[in-house]
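Below, in structure tokens: the form predicted alone, a single chain.
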Amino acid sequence: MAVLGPNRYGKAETRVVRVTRHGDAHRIKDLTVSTSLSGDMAEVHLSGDNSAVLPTDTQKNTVFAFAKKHGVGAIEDFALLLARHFADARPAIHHARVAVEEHAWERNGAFGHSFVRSGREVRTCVAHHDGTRSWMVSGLRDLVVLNTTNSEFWGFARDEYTTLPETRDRVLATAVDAAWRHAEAPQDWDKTYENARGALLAAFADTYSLSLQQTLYAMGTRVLAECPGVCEVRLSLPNKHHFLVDLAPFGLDNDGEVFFAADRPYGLIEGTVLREDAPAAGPAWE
């Protein structure tokens, strides 16, 4: 006998650009918003009864309408506003999840109306609301960083398939995907984001690394130290390998100056750093 398990539905990757006009000085917010709802949805699966279903097209339209009615400030505020609205929209909806990615733009010179797409990382957040409680995870992805020295890798386990040489000086590079769970909402989401981002960058730069795992732990620990309201940090760090090129066939030395940047395969280091007293995550990471 088959039974229906956990389920949810929503509208994925709604692209919304909100322009705020203050005279000649405009501001732009470029977002990708994904909504997901769950609750008393058994009948739509079992019998095709759609009476409890708020259409995904309606969810998309709500994103656009809220961008106009409420504006877009910190993405966490916008995500929570939507999540609370959807969780309260229909009795059958018990839980709303809203994920937002922000794509940064920078001003093009002194022109208040002209922008250039930023090369910065993508800022992210995921908000949950169940009608009573809210949870928030903030984060970023594709924060590309590189150290040209102060990194080693040696003393690792070996077997008959190991060919990797030990190194006492290497290039260490990664594209940081990080997410941090808030035990309590900060007064200023934007300031907390910049503090967390700064902590990640500082720890990567000033940690003398014997492994990318060691660097991951240092980065997570620094975020917890710099952001008191954060209780858990999850990091995914692909090791963007840089291999020293053998220039001997050309009669040239290569004293750590010319490298081949390999895009794949790559090592992938993932881990979590959390406070000893971190509350249970609940659905925050889902």
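Quick note: we count residues from 1 along the sequence shown, nothing fancier. These numbers were taken from a predicted model, which means no experiment stands behind them.
The form predicted together with another copy of the chain is left out here; the points below concern that form.
Visitor: Indicate whether V137 is a 4.5 Å heavy atom neighbour of another copy of the chain in the predicted complex.
Guide: Although another copy of the chain is absent here, V137 would stay clear of it in the predicted complex, with no heavy atoms inside 4.5 Å.
Visitor: Quick check on R158: any heavy atom within 4.5 Å of another copy of the chain in the predicted complex?
Guide: Yes.
Visitor: Do T162 and another copy of the chain come within 4.5 Å of each other in the predicted complex, heavy atoms counted?
Guide: Looking in the predicted complex, residue contacts with another copy of the chain include T162, since a heavy atom lies within 4.5 Å.
Visitor: Any of the heavy atoms of R90 lying within 4.5 Å of another copy of the chain in the predicted complex?
Guide: Close contact exists here: in the predicted complex, R90 approaches another copy of the chain to within 4.5 Å, heavy atoms only.
Visitor: For the stretch 90 to 120, I need every residue with any heavy atom inside 4.5 Å of another copy of the chain in the predicted complex, listed N to C.
Guide: Going through 90 to 120 in order - heavy atoms within 4.5 Å of another copy of the chain in the predicted complex - the hits are R90, W105, N108, F111, H113, S114, F115, V116, R117, G119, R120.
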